[in-house]
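Take a look at this single chain, the form predicted on its own, given in structure tokens.
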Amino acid sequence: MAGWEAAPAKVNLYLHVTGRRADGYHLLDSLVAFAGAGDRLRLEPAGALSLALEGSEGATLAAEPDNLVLRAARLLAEAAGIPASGRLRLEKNLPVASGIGGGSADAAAALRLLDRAWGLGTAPEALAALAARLGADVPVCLECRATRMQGVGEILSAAPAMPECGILLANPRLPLPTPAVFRARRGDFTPPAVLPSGWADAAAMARSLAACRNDLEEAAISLCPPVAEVLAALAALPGCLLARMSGSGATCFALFPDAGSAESAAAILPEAWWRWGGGFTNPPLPAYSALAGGA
């Protein structure tokens, strides 16, 4: 049971709202990648299932009666026909309700960690089905690697070949609930993006992604005007190749030629913001390190 399970931040490099189903759920097209920033989850032996919250952002979840991590644990145990047990420790480093899939990544990490610790060996397809019951972003967070996500999150396909690239994440420390942003959205639907098989370098990827958009950005700014301030600040940073909001916000990202440039640029941003600079990652993840300014 020893060791931490990483729950990396999910970044929507673009997000097109392509339609809406009869049941009200929106259809999306998005290229998702994962940053080196993230939460971490650990399981320790114990009888009854419990969850302890730690980390710089842990206090923001203290009032939640049923964290997604606990829901994931109970769902997996129920599917396996075993009692849920163990003391889970969630090191919360990502801001809550911020458009980078923190809760979904935590739930996915719980499924991976507990399936291994409990010796279940659940088939990937079955684990993905459980993930979908927890939320639209949880399936893509299970593998935490660059993926194209469509439908309501259930259609996953290979991403274009991603080059080495730096990424900076910044959030004005204001939560922005996803349902409210979708309700505030106005305008037509956007066709799915046309993507190449890959990009030679970060600059080529940024030029290609500039032809796409985040269809929730305008709605998010109407509800949370500081998002526009963050976007302007990112776009003005030296070396920035592209600035855009991730998911339903309020976290925004900027692409840079390399991880070092992104890390240096993060230090320029206001200390009151949550910010992180580094690179994209695929498992296994490095130890978490962030510039998480503000109290």
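For every residue, the number given is its place in the sequence shown, counted from 1. Keep in mind it's a predicted model, so treat the numbers as computed, not measured.
This next part talks about the form predicted in complex with a small molecule, which is not shown.
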Self-check item: Gly36: touches the small molecule in the model of the complex, heavy atom cutoff 4.5 angstroms
Solution: no
Practice problem: Spell out, yes or no, whether the shortest heavy atom distance between Lys10 and the small molecule in the model of the complex is within 4.5 Å. | Solution: yes
Self-check item: Partner contact for Ile167 in the model of the complex: the small molecule, 4.5 angstroms, heavy atom
Solution: no
Practice problem: Considering only heavy atoms, tell me if Ala117 and the small molecule come within 4.5 Å of each other in the model of the complex. | Solution: no
Quiz item: Of these, Leu216, Leu88, Ala73, Met205, which has a heavy atom no more than 4.5 Å from the small molecule in the model of the complex?
Solution: Leu216
Practice problem: Report the residue, out of Gly81, Pro179, Gly187, Gly121, that has at least one non-hydrogen atom within 4.5 angstroms of the small molecule in the model of the complex. | Solution: Pro179
Quiz item: Using a 4.5 Å heavy atom cut-off, which stretch among 196-204, 218-226, 159-167, 145-153 contacts the small molecule in the model of the complex?
Solution: 145-153
